[in-house]
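Consider the single chain below, provided in C-alpha cells and representing the form predicted on its own.
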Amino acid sequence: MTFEVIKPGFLTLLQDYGRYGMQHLGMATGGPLDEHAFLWANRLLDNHYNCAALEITLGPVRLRALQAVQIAIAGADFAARINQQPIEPWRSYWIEAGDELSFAAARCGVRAYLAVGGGFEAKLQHGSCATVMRERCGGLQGDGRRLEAGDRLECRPASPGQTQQVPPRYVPDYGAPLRLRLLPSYQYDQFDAAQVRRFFSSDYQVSPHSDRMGYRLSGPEIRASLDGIISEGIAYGAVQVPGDGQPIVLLRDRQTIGGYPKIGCVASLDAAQLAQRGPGAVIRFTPGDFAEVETERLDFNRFFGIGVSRR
C-alpha cells in the first residue's frame, strides 16, 4: 500500500491515459482532461506515459503515505504540502512512510495530477483503469467511483531517484487568455458566414455546468441551417451546437455519438488547456491550421513517447 485517503476532496479520480478502441461499444475513452500536466507528472518520474495517476479537481485532498515513495505533481496549484511544509507543482519529491500530503483549494487552474514512481495499480477493464463515473467503469475497484475516505492506493516499491523539475518554458499560465484553435469540420458549411463571423469574434465564458463530458460555454448564440442530424461519431474536442445556440466543447467522457450540428473540432492540446479553466473564464475561438496542429501533435507524441509500448 502507498497511500491512505484521509480526505478525498471534491472529485479525485484514478486515471491512466485512457480506454481506447472501445467507442464502437459505446464506451468513453476517459483519461486525463489535461493530458499535458498528466504526462509531465509521469515524465518527472521516468514512468511510462500510460501509468495511472490521480486527477484532483478543485481539492481539498489529504493523503497519508504508508510507504516511502517518490511522487510528482503537475497541473493546477493547490497549495500542496508535505507535513505542512509548502511544495510547488511541476516537481518530483521523495516522501517517507507516515508523511501526510495535502492539497488545499485551487489557487490557479482546476486540475492537479499526482503520480507515483511506477504508477498506481488498479484493476483493468477493457485494457484501462481510467475512471468514467457515468459508465461505472474503471477506478480503484473497477466500479467507476471517485476516491473515498479510507481507500488505499497501491504502487510498486521504488528506490529514491533524483528529484526533477519541469523546465519553466513548458509550464502553462492557466490565468492567461485562452484562444482555442478550431479545425473546420463536421457541419461547418451549415453555419452561414454571419454565424461564423460571430463565433470567431465573440468572447465566451465557461459555464458552471461544465464537467468531464464537455465544457459548456455561454455567449452570443450561433445557429446552423439545420436543427439536427443523423447521429454520428464524436471526436475529442468537437464543438457541438445544441438548440440554444451555446457551444459545447466535448471532452474525455463525452458520449460516443450525437445528433447536434458541430461547427468543427478544437485542437486536442488546446482542449487540454481549456480543462484548466474554471467557471467564468473567458475564451475565444480562432481558425486553426491543419498542418500546424498536426505537426504540433506529432512532436508532442514523440516527446512523451505516446504509442510506445512498455518494455
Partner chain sequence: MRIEPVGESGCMLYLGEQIEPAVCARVCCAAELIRRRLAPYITDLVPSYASIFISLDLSRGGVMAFCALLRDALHDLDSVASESLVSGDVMSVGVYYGPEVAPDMDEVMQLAGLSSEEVIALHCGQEYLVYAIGFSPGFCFMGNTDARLKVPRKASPRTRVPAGSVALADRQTAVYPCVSPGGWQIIGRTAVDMLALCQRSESPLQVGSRLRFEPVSLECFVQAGGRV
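None of these values were measured; they are calculated from a predicted model. Residue numbers count along the first chain shown, from 1.
Separately, the form predicted together with its partner chain exists; it is not shown, and the next lines address it.
By the 4.5 Å heavy atom rule, the three marked residues Glu88, Val166 and Ser210 all fail to count as contacting its partner chain in the predicted complex. Only one of Gln141, Ser202, Asn83, Ser185 comes within 4.5 Å of its partner chain in the predicted complex through a heavy atom, and that residue is Ser185. Site annotation in the predicted complex: the residue of Ile230, Leu226, Ala176, Ala193 reaching within 4.5 Å of its partner chain with a heavy atom is Ile230. Proximity of Arg156 to its partner chain in the predicted complex: non-hydrogen atoms within 4.5 Å are absent; the residue sits far from the partner. Its partner chain in the predicted complex comes within 4.5 Å of no heavy atom belonging to Ala104. In the predicted complex, Leu250 stays away from its partner chain, with no heavy atom inside 4.5 Å. Using a 4.5 Å cutoff between non-hydrogen atoms, Gln246 does not count as a contact of its partner chain in the predicted complex. Residues placing heavy atoms within 4.5 Å of its partner chain in the predicted complex fall in a single listed stretch, namely 26 to 34, out of 279 to 287, 50 to 58, 26 to 34, 65 to 73. Residues of 280 to 297 placing a heavy atom within 4.5 Å of its partner chain in the predicted complex, in sequence order: Phe290, Val293, Glu294, Arg297.
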